[in-house]
Structure formats: structure tokens, C-alpha cells
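A lone chain, given as C-alpha cells: the form predicted alone.
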Amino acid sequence: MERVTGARTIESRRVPWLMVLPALLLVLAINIIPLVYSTVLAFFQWNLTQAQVAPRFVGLDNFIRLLTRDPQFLTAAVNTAILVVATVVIQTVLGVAVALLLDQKLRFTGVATTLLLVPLALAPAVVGLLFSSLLSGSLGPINYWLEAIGLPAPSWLGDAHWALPSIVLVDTWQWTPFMILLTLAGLRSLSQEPVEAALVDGASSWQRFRYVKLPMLLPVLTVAVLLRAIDSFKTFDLVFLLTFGGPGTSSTTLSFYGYKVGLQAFDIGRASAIAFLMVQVFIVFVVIFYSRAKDQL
């Protein structure tokens, strides 16, 4: 009996692993293998326009060239940092503010909450094409309305000073509802006893939010901010469809610059080095963010 029981125990332990094995193999094939292959290529010089020349090992030369002799890479890094900080800050502030308003359960709150799903349901490619028409300098309705009320109508996508803010604007339009819905779900899951106690003590609406609701919301906001920061860090489609990285390099992000180097210049080694550096920045960011916010999770 003991042997039979032991065999059944071993078999029961194998079953969960066998059930997740297909998913593990799929993750390995789609994510891990390409990541390892790309990391290896980062240490080689390989240009697809020279098919007759075999990849040549160059060590850290691709990284040194990017960090010391490639001003476009540094510009793309700065643009990416600005994009991440701007979108996360704006979307978080707007998300919390609108969620607090919707939590009041005013008239038409249900309709407004439903309409927030519309931007999230649209593919980024559709959003990019939509706003490329809306923000058109000569034919766009936004500039027409601005001129009609006597305000200056900038060249949103054709001016180096407005290109990156335009991408921030479009990204904010699409993803602020994500922050609103997460924050609203967090607000409606909060325990009401501390809020009611603060109300009895005479706390104002701001004090109830600042000292009671916000501390309890931090776990939700921490996860939401992390997800948005990761997604903004790898922004590509909006840049591709709205500005194509221009004018010049004023709106080029790291993802888009990697695309230009790898799929336009066909410099696979340097493009792989860009991807490798992005992964390292992402890992460092997540580690620092988690170490600072782990008490809230």
C-alpha cells in the first residue's frame, strides 16, 4: 500500500507540470529563444546588405558606439524618458481626478464609465491614423477650430517642438481611461469605515482623499503606474504613424530607433544592442520601482 500511495503522490505532483508544459514551451519559443538570440547578435557586426559577409564578433563595440558615438541614440533615449515621465504623470493625475468624480455616482456616471472603454477598444494603429488626420496642419479639424476662436494653430506633427507633445497627447487620450477604470475599481473596493470615521471627525473632502483614500489606493496605483511606464517605454506604433520619428529626430524613441537601425539600415548587430540596452533599462527600472514600492504591494 505504501508503494502505491507513494507512486500516486509522485504522479499527482507531475500532473500540474504536465498541464502547464505546453504554455511553458510556447513562452520559451516566443520569448526566451528570440531574446537569447538577439542578445548574442548584439556582440556581432552583421549587416544584411552584405549577405556575403559572415557575422563578425566585435565584443562590446556596438554598445560603445551607441553610447559614445551615436547622438541619435542619446536623443532617442532622452525622448523616451520624456515620453514615459510625461504620459505616466499626466495619465495618473487625470485618472485619479476623473475616478474621484465618477465615484460620486452622479447622473450619467454609468454612461460616462461605459464611454471610457471606447479608446481602449481601438487598436493603436487606428488611433494613430485617426489623430494623424485630426492633427493635420492644413486639413485637420483641430487647427480649424483653434483658428475659428482666434488661437494659434501649430503644426502639431510637422514642428520639432510639437511632435513629441503630440504623441504624449494622443497616448494620454487612449490610455487615461485605463488609469481611470483601475482607480475607480480601487476606490469602490475600499473599506468605508475609515472614510466615515474621518467624515465624523470633520475632515474635508481633500483631507479624506489625501490622508485616508490615497494611502489605501497606493497598491492599485503602484501596479497601474508600473504597467503604464512599461508600455510607454516601448512606444512604437504612435511614433511610426504620427511623425515617423521626425521632424529630424525630435520624436524618435528607442523602439523606433531600433526599427530604423535594424529594418531600414539592416544593421542587425547594432539593432540587437539597442534592444539589449532597452531590456537592461527595463530590468533596472522594475527592480528599483519594486524595491521602493514593495511595502505597498
Partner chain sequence: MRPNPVVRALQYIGLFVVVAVFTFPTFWMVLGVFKRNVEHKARPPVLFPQDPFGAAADTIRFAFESSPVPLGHVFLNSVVVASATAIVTLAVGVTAAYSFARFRTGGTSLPFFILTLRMAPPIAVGLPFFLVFRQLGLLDSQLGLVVAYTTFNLPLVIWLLRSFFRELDPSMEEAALVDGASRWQALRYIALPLALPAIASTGLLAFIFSWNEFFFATLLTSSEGRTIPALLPLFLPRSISAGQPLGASFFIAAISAVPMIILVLFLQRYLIKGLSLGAAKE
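Everything numeric in this text was worked out from a predicted model, so none of it was measured. Residue numbers count along the first chain shown, from 1. Between two forms, the rigid core is the largest collection of C-alphas that superpose within 1.5 Å.
Although it is not shown, the form predicted together with the partner chain is what the next lines describe.
- Checked against the partner chain in the predicted bound form, the residues L214, A121, A197, L151 give one hit for a heavy atom within 4.5 Å, which is A121.
- In the predicted bound form, A112 approaches the partner chain with a heavy atom inside 4.5 Å.
- The partner chain is not drawn, but in the predicted bound form it has a heavy atom within 4.5 Å of Y37.
- Within 4.5 Å of some heavy atom of the partner chain in the predicted bound form lies at least one heavy atom of D237.
- Heavy atoms of L106 reach within 4.5 Å of the partner chain in the predicted bound form, making it an interface residue.
- Of all the residues from 152-172, the single one having a non-hydrogen atom no more than 4.5 Å from the partner chain in the predicted bound form is T172.
- Core-superposed comparison between this form and the one not shown: the CA of V279 stays below a 2 Å shift.
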